[in-house]
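Single chain ahead, by itself, as structure tokens, in the form predicted alone.
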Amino acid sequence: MKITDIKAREILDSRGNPTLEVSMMNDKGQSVVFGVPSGASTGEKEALERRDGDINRYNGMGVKNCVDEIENNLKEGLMRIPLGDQSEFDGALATFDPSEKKEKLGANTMLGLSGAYLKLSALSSGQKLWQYISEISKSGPSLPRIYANLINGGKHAPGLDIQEVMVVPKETRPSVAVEQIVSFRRELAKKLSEEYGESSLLIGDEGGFVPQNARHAKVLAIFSSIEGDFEIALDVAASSFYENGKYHFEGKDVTAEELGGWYQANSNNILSVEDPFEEHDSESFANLASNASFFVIGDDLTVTSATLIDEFATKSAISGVIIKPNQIGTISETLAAVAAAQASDVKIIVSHRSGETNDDFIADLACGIGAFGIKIGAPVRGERVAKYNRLLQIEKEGL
């Protein structure tokens, strides 16, 4: 089966910025679309997005050059590749841009094409997307635990230094876990309103509440006061408040050792802590991981790179890793990162980005590779709800 058409267009993400959507059709008349997300909190070693830079359009954030690149330069050659061979397709993309950080095409251009090709290959095979991903990744499919970001801070909203406070039901069946998250969120809203006023119920980039003048320990205490079979997860994104060798945390400068002590002192019911230190301080990651009762998760540290995941897992700096396809550029490279994590026996958590689209691909990815968890934000914004609803559908499909 073959590709008969490839189109691209500029759409808006959940922050109102332009992003890329790629559509692809096969010779049966079947078609798919893939919307590319965009992150605000990004690692230094992430693959780069391509933006137009025209300050008169979207303040330079447009992606018309990506659209033109696909339709005028890439389309003809890529359409010659038969469906069903992800490595060949992604290898062809790499010939157009072999750079490690995707400086020429941009990770957004490459992921849009690579993701659309994956979806169309699955559709052409007659399989569900998660089934096809399981097959090509040689992974056992399973339902992940849902990481629901119910408090936003850091680069996602004003207020807390820690970027995300998440509730994680122990139940993996979406039909149960989603209901638990919604119920938890209602109770959380009541408690935050009582403690910080109605303004705390405003929401950030990922749909979480935004309490002002709150202390992290108090927020964690409020989470723990709500009944339910769940754990708590943090995405600290510590690079965002690190400068000149210190972390500016809760209004004062602290050392890595002091910050690590805070995590340990507040570890009750904590399942995992993501990016607890800035991305160059792997030694502090390792020190925390060797003593912590929770999983230490790499994101800015590892940026969905098989090489970096292997390196920091070998150094015992991480016990889990975030997988974000747009950090690396293609589906093949994403699955290589997954394989590296599986080989090192570290937990895999597939993640959305703060600038999301309504594409629900990551739900199929998490289920197909048998990920430990999936980060999808709060169940209140359309681009996040799309992922919740897809998980519910996948459960109905028999996983």
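Position 1 is the first residue in the sequence shown; the rest follow in order. Nothing here was measured: the structure is a model prediction, and the numbers come from that model.
Missing here is the form predicted together with 2-phosphoglycolic acid (PGA); even so, the following discussion is about that form.
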{"item": "Residue 163, heavy atom within 4.5 angstroms of 2-phosphoglycolic acid (PGA) in the predicted complex", "value": "yes"}
{"item": "Residue contact check: residue 42 to 2-phosphoglycolic acid (PGA) in the predicted complex, 4.5 Å heavy atom", "value": "yes"}
{"item": "Non-hydrogen atom contact residue 330 with 2-phosphoglycolic acid (PGA) in the predicted complex at 4.5 angstroms", "value": "no"}
{"item": "Non-hydrogen atom contact residue 375 with 2-phosphoglycolic acid (PGA) in the predicted complex at 4.5 angstroms", "value": "yes"}
{"item": "Location of 2-phosphoglycolic acid (PGA) contact in the predicted complex, chosen stretch of 333-341, 347-355, 22-30, 364-372 [non-hydrogen atom, 4.5 Å]", "value": "347-355"}
{"item": "Residue (of 216, 324, 145, 119) lying close to 2-phosphoglycolic acid (PGA) in the predicted complex, criterion heavy atoms within 4.5 Å", "value": "324"}
{"item": "Residues in 295-318 close to 2-phosphoglycolic acid (PGA) in the predicted complex, defined by a heavy atom within 4.5 Å, in order", "value": "299"}
